[in-house]
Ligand code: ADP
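Taking the form predicted on its own, here's one chain by itself in structure tokens.
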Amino acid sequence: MEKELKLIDVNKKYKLSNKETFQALYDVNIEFDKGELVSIVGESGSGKSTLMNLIGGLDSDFSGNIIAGGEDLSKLSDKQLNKYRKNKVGFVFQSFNLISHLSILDNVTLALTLSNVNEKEKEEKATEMLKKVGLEGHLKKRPSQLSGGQKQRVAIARALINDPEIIIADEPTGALDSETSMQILQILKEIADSGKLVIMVTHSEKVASISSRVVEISDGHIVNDKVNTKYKKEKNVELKEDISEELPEKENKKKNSKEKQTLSMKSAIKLSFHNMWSSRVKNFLMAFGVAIGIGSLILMMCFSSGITDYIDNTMRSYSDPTIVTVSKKGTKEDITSMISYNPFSSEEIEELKNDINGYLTENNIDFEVTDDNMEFGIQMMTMMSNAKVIYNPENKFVDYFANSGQDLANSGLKYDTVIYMYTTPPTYTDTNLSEGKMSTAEGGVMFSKGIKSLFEDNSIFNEDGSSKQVDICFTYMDAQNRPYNLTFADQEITAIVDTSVMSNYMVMYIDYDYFQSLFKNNPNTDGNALSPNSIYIRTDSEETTNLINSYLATTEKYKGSVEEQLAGMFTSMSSIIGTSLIVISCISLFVSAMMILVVLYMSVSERTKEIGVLKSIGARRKDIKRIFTSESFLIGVLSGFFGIVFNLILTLVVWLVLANTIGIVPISYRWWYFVIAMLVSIVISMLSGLYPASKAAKLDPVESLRRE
């Protein structure tokens, strides 16, 4: 009859640090059979533990052959050895090696968890097995709540749960008192009598005396192998009967051989959660540290989109999707070239029409730019030309000031500099006014809200309801580079325009036809009209508008309106600022990632023995990696959740501060910011956990189990 376990010419050498070798076992030839209770005895360093590690499949680096249940361990792959340890071998350790943060029940079900047994079945099996060893009343306790003998009973239950053929017990009574030792030995004897092969490593003569067989090893050689003639096998073994009934693994092995018996992601997450909860303070603090970076990242994205939305909304409030604004590009790429006076000649206007119509024809757009759908306007920067708006209720403003534009500081009049002047675009309507009514070709001037600072009551209306009047004096350069000092006296303020991106500055708006009439009636202009430097084209649809704008953006001649350019500039600036803030947030996330890596790396060191236990019951490298990867995933989810909560609180504080200081809150949320934040948190955590998970998976099981 084939023996359960056979060792043939087994030799084992260890590689030392100085490239030398140490031989621990020499030509070991020995056989074991089912139902034996074998004691391996010998001095420390004799090779007992090495022999057990080879038989248990923990160490595969040997020469010779070890035949267990018909399989040659020397020819098995790592995957097959994992399966061997999971299904055919059970380990009982001197120091119990129970996982402290798991309950007694979970410690026993661990091997079944690695085999992907469903929750109900594994709990039933583990509960029944714990009942066999007398621990039915301790299922929910932690190992720290048990005595030494009870812990060893749990270890035995864990070793038996997958119904292995071989039980390896390393000094099973070494940490127990004599009475408890006898109880544990009796359980092991019952296991052997039930038909299992039980091999014990021991120093104790008392343990050896109750064995059916004693094998003595010295300096790596088997020096004695004798049968204990006094060993008496029990006739009626309750444990044997119960195992056969409750754990029919043997009968079902063929049936289940094709089933997937690996650790599921769900089980890995559950194990990871247990570990995280056991170190919850450390993990919560780590998650909160990451959450600060995640929350800041969301806030920076909200700031970036908020500023962009504010500019875009401001633009939309005075824009019309069917109107294209065109002006000429200057020679300098700076703010003054955007809005300096750069007029169109009649020839250039015709050229513009032809260029746009040609482009529309190429793109199969049935629209033509004509004189009927074109309007003109004037825009100019005035801040460099002594342009002033003067509150002159008693007409103290004499010709000297009008002609020279000087000495206003000594006149006693209230005045301010006009930063920018332009004729009212066709996009503006009454909805763009905060108060008053639109100026017309018959007269009237509109200003941004900065004009109110000239009046003590901050109002543009007199007590009788009439509009206040101002004098306007400014100097500009025409197309021939000639300076003009123009005075527009007694101009009625008809409205406050509060929609432009420049509304916080002193900006003047005037009807194009009215401005041209004032210009021609001024003696300094010789009755000439001022050439337009802005052209407005009313299109038939927003699609046509967008197409024309896309054409203008590709040319070296033309550009859009001042507001569009300023909005583009501000949007670009806000994008740069937002990106910079996001980069800064990412730096904090990088620091957080390093923190996660360090904590998980330390966790591997702290849990080395736990990893060894998992490998001893059949955990694959992939299973170990999956457990630690799941832990990284949970940390990422927790950090993402904390980050979102932290962001909402932080945003509320920032919102209150900005609303009560500058009166504007440029913060805009997008629902997908939270999705991005959660994904970033998970990705950072999982990337940080790759190295610790890989390190844990590569740990040697023998070295891991030796770690104190």
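Nothing here was measured: the structure is a model prediction, and the numbers come from that model. Throughout, rigid core stands for the largest set of C-alpha atoms superposing within 1.5 Å between the two forms. So that there is no doubt, residue numbering starts at 1 and follows the sequence shown.
Missing here is the form predicted together with adenosine-5'-diphosphate (ADP); even so, the following discussion is about that form.
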message = With a cut-off of 4.5 Å between heavy atoms, is Ser44 one of the residues that contacts adenosine-5'-diphosphate (ADP) in the predicted bound form?
response = yes
request  = Would you please decide whether Ala24 lies within 4.5 angstroms of adenosine-5'-diphosphate (ADP) in the predicted bound form, comparing each non-hydrogen atom pair?
outcome  = yes
ask   = Does Arg706 reach adenosine-5'-diphosphate (ADP) in the predicted bound form, with heavy atoms at most 4.5 Å apart?
value = yes
ask   = Does adenosine-5'-diphosphate (ADP) come within 4.5 Å of any heavy atom of Tyr691 in the predicted bound form?
value = no
message = I need the one stretch from 679 to 687, 65 to 73, 47 to 55, 648 to 656 whose residues put non-hydrogen atoms within 4.5 angstroms of adenosine-5'-diphosphate (ADP) in the predicted bound form.
response = 47 to 55
query = Comparing between the shown form and the other one on the rigid core, is the C-alpha shift at Ser17 2 Å or larger?
reply = yes
